[in-house]
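Next comes just one chain, in C-alpha cells: the form predicted on its own.
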C-alpha cells in the first residue's frame, strides 16, 4: 500500500522472519527454565498482540502468558505519564519476566512497567520489542530502558500495521508502514 498516506517500512515476510530469529534467541537465553516456574511473558495490549502471538508460538521453553494495558499515547504524541489499565497486580515475585512490546520509543512506559514489577520482586525483567526507536528515548532513560530483544531499530517515524495503530486505526495492515497523517485528508 502506498497511496501517499503510507510508505512501506517492513514487509510481513521480514517481520515474520525476524520474529522466528528472536524466538530462537529467547529460547536459548531461557534454556533450562523449569516447568514449575515458567517464563512469564507479559504482552502489552493492544499493539503487541500480533507480535506476542507469533513470538510465543516460536518459543521452546516453558512459558505462561498474561497481559498488560498501559495507556501512554494519544494520536502521534505521548500523552503524559503511563497509567496501568490492566496487569498492575500480576504476581511476578520470584519469576523471570519477559515484557513483549510493539514499540519502545521514549522509554517512559517501559520504565514504569519495569519499576512496578521490580518493586514486586521479579527475579529478572527483560524486554522484547518488535520496534525500537532509540532516538526518541528520554535522556534520563537512555541507559535504563534498553530492550534485550529487538526486532528492528527504526528512525523517528510514526508507524502503523502489525498491531501498531493511529487512534485505533490501521492495526490490521499486514506490513509495517510509515504513516503520514498530513496526507490523510477528507474529500
Ligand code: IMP
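Positions refer to the first chain, counted from 1. Keep in mind that what you see is a predicted model, and the values were worked out from it rather than measured.
Only in words, not in the display: the form predicted together with the ligand, which the text now covers.
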Which residue among 9, 22, 164, 15 has a heavy atom within 4.5 angstroms of the ligand in the predicted complex? 164
In the predicted complex, the residue from 158, 149, 152, 67 with a non-hydrogen atom within 4.5 Å of the ligand is 158
Verify the contact flag for residue 109: yes if a non-hydrogen atom of it lies within 4.5 Å of a non-hydrogen atom of the ligand in the predicted complex, no if not. yes
Is the gap between residue 102 and the ligand in the predicted complex 4.5 Å or less for some heavy atom pair? yes
Enumerate the residues of 122-147 that have a non-hydrogen atom within 4.5 Å of the ligand in the predicted complex, in sequence order, or give none. 133
